[in-house]
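Coming up are structure 1 and structure 2: the same protein chain in two forms, each one given alone as structure tokens.
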Structure 1
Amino acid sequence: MAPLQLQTVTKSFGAAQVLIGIDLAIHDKEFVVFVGPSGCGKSTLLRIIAGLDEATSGQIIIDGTDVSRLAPVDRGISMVFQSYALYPHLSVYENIAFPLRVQRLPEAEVKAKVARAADILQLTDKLPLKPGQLSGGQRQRVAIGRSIVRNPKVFLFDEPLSNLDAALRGDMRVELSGLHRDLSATMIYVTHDQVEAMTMAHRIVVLNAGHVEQFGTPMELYHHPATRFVATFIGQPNMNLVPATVLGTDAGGLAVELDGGPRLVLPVEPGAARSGDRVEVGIRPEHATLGDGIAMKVRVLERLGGVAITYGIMSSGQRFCAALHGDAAVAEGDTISVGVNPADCHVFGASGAVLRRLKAPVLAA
């Protein structure tokens, strides 16, 4: 049974509609990441699940119970805030013990539970300190400690790593994934960082302007983005979108001519596309290689070692980015040609919806 279900959840602040009919079913012990650009409604959705905000309409169901009208503590959730929200006047011990004090548990039980949480999070020697005496990563762990002592069914995290520096963020990603494994609990994690989403999630919810663009595993989103938005949001560097005209359809798929580029036959379901329609062809930078195909003038070259990120401009004025081999023999100012395998291309209709790819990699279920 799905421990968490959202049924047509909407939220408006006055006239502004922030969430538009969110439907989700999250599996038991799943690590789900809500990802999307700033302001798309991630925090709002999380706060509605937590019970900090009330949905304008729709239901939140946890473990088969409609919790939409329940207080947070009765929903079986706990939440870690972006700012950590530690109590600065209380010791680490009392911060972690706070939920237990609210429950008025006997001191011995409090002690045991705090000790266990501190042990999991390697905070045992920090218990007497005040939050102000801890580093960012340690504060983050205290906030997590406070959320695990109650044994909630669902953990909610709102951008928990965004206050940390890049190196620490990488470490904490690994720690959080480990924590998820150790606690074997359901976790919902909000971030605007697609790298966090791709690396940590079992499944990712891509939110955009208050609605779900796509809900799937990281590799599903990578190989089968449902919309143009998902395609450009997932993957680093971003997918190129090259305008093209449909020439016709045949057994092999859709024949198109890229603006300022070659003709390609792309193995996708043509659907309603007709000759003469305008479409966009999505090409991931990492799928471009030096070879016959798209001609472009190199404007900026970033050699990262293993790869050389090559930013160029096509004769049509279209920007194009290719992640070439690190030693590729190119220089800024060169005019080069990059080739793509038609099976790697994505095609988006005028509405932004994708045309199904026929030869995409098979995903493990």
Structure 2
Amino acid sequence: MAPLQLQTVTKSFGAAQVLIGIDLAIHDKEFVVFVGPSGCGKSTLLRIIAGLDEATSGQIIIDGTDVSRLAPVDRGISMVFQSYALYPHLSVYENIAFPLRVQRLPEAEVKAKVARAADILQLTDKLPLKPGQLSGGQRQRVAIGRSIVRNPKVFLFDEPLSNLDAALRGDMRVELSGLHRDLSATMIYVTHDQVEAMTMAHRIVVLNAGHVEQFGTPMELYHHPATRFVATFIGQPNMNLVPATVLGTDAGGLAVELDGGPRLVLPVEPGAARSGDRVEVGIRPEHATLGDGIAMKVRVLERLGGVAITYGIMSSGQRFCAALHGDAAVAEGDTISVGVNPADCHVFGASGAVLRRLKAPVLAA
């Protein structure tokens, strides 16, 4: 296994810039997830690391060696694609063994490597079968097994769970996390699903329009998003963004008035905004509780057992979502009030960047 560095990697197709100055340092044995919306450049970046696409500029360094001009087979990587790409006429054993056959390894070594991969992936009893006799999750495990036998320095995964149903995706997330632990491998995983990113990654790279918005642990991105984009992309349901006007600043924080809502004093450094500035206050649905604060009329209520996802409209017309206790006494059509702790709020300026927070939280006015 090995560390990987990307140094000022760019990619352009004619005048269109797909990747803009990507700088990343991925540690040895780390599980890193590239996440972002469709078209953000995450799969292109993975393909550049793999050598399937060539960067317009920049360097890819694996285990201290610049591999930017090397062929994929010489980079010490292995890639698992969204499609299983299995040979339907070959057994599971032969599908896993295929890259070893290409290397012309001795049969005893092929047998040992396939047996180890099958044991790790719980496929030992499936080795005689053909891919058509397997479930979707089992076929994906065969594709992963074909990567394991190559003993790569870095594993690359390009949305490998996209073709699976919701329940199986959940099972495979657990299996992939366990696989990473068992192999002590360096893994880079691409997905558009932030739940996959949050549950599997040591660190997450949030990509947007070809550049890195933020790179950090799942909880760093959740609690300390650097931008409006990261704040709304990470977390489910999405963070509420309520427009507000700055009333004033002092050592106690930033006083704001929410459009159609109450006044709050938020833990933001005084120099981060001026009186009269327009800002957006970010409030996660799970941080809202029944109580005095923001009034909204409930339009849709989703009871999911332990939680009741409550979608409503504030008097300003602003949509607001609150994740309340599953037994909360609310109904569609009710007008309710939800309270928020200022220490849980985030404030974003006109540029979309988060405003600097005070080190010590303050209470509401």
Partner chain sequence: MRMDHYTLLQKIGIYLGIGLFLMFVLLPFLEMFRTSLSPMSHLFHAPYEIWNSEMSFQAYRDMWDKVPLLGRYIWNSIYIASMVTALSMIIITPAAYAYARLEFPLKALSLGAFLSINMFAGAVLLIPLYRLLNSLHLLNTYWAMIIPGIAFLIPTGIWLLKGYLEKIPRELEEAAYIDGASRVYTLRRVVLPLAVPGLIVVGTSVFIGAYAQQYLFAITFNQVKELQPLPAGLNQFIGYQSVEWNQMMAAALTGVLPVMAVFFFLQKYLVAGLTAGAVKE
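Rigid core (definition): largest C-alpha set, two forms, superposition within 1.5 Å. The structure displayed is predicted, hence computed values, not measured ones. Residue 1 is the first residue of structure 1, and the numbers go on in sequence order from there.
The form predicted alone corresponds to structure 2, not structure 1. Positional change of Ser91 between structure 1 and structure 2 reaches 2 Å or more at the C-alpha, relative to the superposed core.
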